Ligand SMILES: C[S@@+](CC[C@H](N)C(=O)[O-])C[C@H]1O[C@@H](n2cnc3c(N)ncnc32)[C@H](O)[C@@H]1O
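The chain below stands alone, shown as structure tokens; this is the form predicted on its own.
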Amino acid sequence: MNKGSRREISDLIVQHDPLGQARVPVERAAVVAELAELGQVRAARIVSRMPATGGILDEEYVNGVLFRSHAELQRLSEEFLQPQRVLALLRPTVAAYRAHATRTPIRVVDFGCGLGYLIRWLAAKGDLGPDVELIGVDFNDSLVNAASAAAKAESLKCRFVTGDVFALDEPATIVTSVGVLHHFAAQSLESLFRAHETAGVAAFMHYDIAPTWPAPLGAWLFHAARMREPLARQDGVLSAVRAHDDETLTSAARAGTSSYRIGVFGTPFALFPVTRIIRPVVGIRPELVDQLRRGLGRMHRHLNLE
């Protein structure tokens, strides 16, 4: 079976209208049938056990499952120092934009923010400057509400929005994401990257699992040991299987855009692939490249832009 044909449970149990605004009812039997047809027997069994009324999945239960799964994902991000990884590239990118542009505030937007851990961490520890506005965006309003509540409890200067990252009333300057790209089929990536250019984004950095040969095994071991939610275990391992390789991501970005220099930021992994767990595909306006390289210092060797 083509790895791209497999579906994650979280992609199926929450659905929205064509505009991505309103949440629509999800038939449990339809989800179970689709997973079974794809040969994903365990995933089908997990969904079949979810409560439903009149055949429609219980929205409150689904929200709870997704909350618990994202909470476990947050722990994974903490243990793998993911916010620190993002900040290492984000800080010089912000500085490069600040040196060449006059538009403020500089809006850093996390695409598919979930519970907002990245944005909340940046608000607490990133120190990106008073001219930077931190925003998390997700289609799932229950996750956005939880992120907003956490930020309020922590007295953090950031905000969270339900909707489309490329259709914000106040456009994004820099767009980032963690663990989102593998949710898109390879044939959909080109239009995704094109949306950045249409929205006038100055730079993007999308972090996702590096599809090295140890990745699925490592994901299985980690999720078996650390995750408690069945959905998180199932989807977490499949995420590693579905991850796009560097060539797929950079080719799609170049095909979908013409205003960015495109590349991947990270060390080579041919000899020690286990050390390359997650890396970003990067796009940046050409006039910002030299300043970004200077800001990266010695790390600029790991950013290959074309």
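Note that the coordinates shown come from a computational prediction; the quantities given were computed from them, not determined experimentally. Numbering starts at 1 and follows the sequence shown.
The same protein also has a form predicted together with the named molecule, omitted here; what follows describes it.
No residue in the set M205, G263 and L303 has a non-hydrogen atom no more than 4.5 Å from the named molecule in the predicted bound form.
For the named molecule in the predicted bound form, the listed stretch (180-188, 125-133, 146-154, 83-91) containing residues with heavy atoms inside 4.5 Å is 180-188.
Contact between L73 and the named molecule in the predicted bound form is found at the 4.5 Å heavy atom cutoff. Within 4.5 Å of some heavy atom of the named molecule in the predicted bound form lies at least one heavy atom of G163.
Residue contact with the named molecule in the predicted bound form: E197 places no heavy atom within 4.5 Å of it.
Contact between D138 and the named molecule in the predicted bound form is found at the 4.5 Å heavy atom cutoff. Note on the partner interface in the predicted bound form: the residue among A96, I209, C113, V108 having a heavy atom within 4.5 angstroms of the named molecule is C113.
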